[in-house]
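As a starting point, one isolated chain is supplied in structure tokens, in the form predicted alone.
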């Protein structure tokens, strides 16, 4: 039997794994995450069902890979959109717009990471770094440009049990809670558009996103443009 050189084997494995993930993503768009199965993916890529387990150990591992790739993709889009030399609100708005554009282009993947939980699946800790990319990007803008309001004696939100201690290092304590709220507003606003919740309510969805982004920018103390 002729053995492949190690580099050739590695490339072949990478190509097969990519074919499996691409097919899984196609089925995700057509059927949704709950219907995704390794057997179906294996059949469509021309593999016997037993062979696919050499590349992906389980349906849950397949979902995890798709989830991490989706989080990384939206994170990369948002990071590329931010120009650190632009005015703070322009940076902020660019991130929001980038998330929306990615979601409109990849609705099934957006639903996978920000929609209903997949029955029987629990995301492992390895998804956390990718999941935090957009939130940390927003936090970086707040840390660099957010202006905390003058002290008025109210709680900062962390010390009274509302949030975990030590979230968003570098962000002024009074701005941590509104920064987390802005993160949820971003993904909620995009999700409402993608899942049809703005029918007969919002006419210009792009302008609406900008308006919500500007309100959130004020809440985290970004200076006016």
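In this text, rigid core is short for the largest set of C-alphas that superpose within 1.5 Å between two forms. Positions refer to the first chain, counted from 1. Computed from a prediction, not measured in an experiment: that's the story for all the values here.
Keep in mind that the form predicted in complex with a further copy of the same chain is not shown, yet the notes after this line are about it.
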| Which of these residues, 180, 42, 62, 68, gets a heavy atom within 4.5 Å of a further copy of the same chain in the model of the complex? | 180
| said: Can you pick out, from 51, 29, 163, 57, the residue that has a heavy atom within 4.5 Å of a further copy of the same chain in the model of the complex? | reply: 163
| request: With heavy atoms only and a cut-off of 4.5 Å, decide whether residue 98 touches a further copy of the same chain in the model of the complex. | output: no
| With a 4.5 Å heavy atom cut-off, would you call residue 15 a contact of a further copy of the same chain in the model of the complex? | no
| said: At 4.5 Å between heavy atoms, is residue 175 in contact with a further copy of the same chain in the model of the complex? | reply: no
| request: Report yes if any heavy atom of residue 37 sits within 4.5 Å of a heavy atom of a further copy of the same chain in the model of the complex; otherwise report no. | output: no
| Tell me which of 87 to 95, 139 to 147, 74 to 82, 106 to 114 has residues with heavy atoms within 4.5 angstroms of a further copy of the same chain in the model of the complex? | 106 to 114
| request: At a 4.5 angstroms cut-off on non-hydrogen atoms, which residues of 184 to 208 are near a further copy of the same chain in the model of the complex? List them in order. | output: 184, 185, 187, 188, 189, 192, 195, 197, 198, 200, 201, 202, 203, 204, 207, 208
| task | Return yes or no for residue 185: a CA shift of at least 2 Å between the shown form and the other one, with the rigid core superposed? | result | no
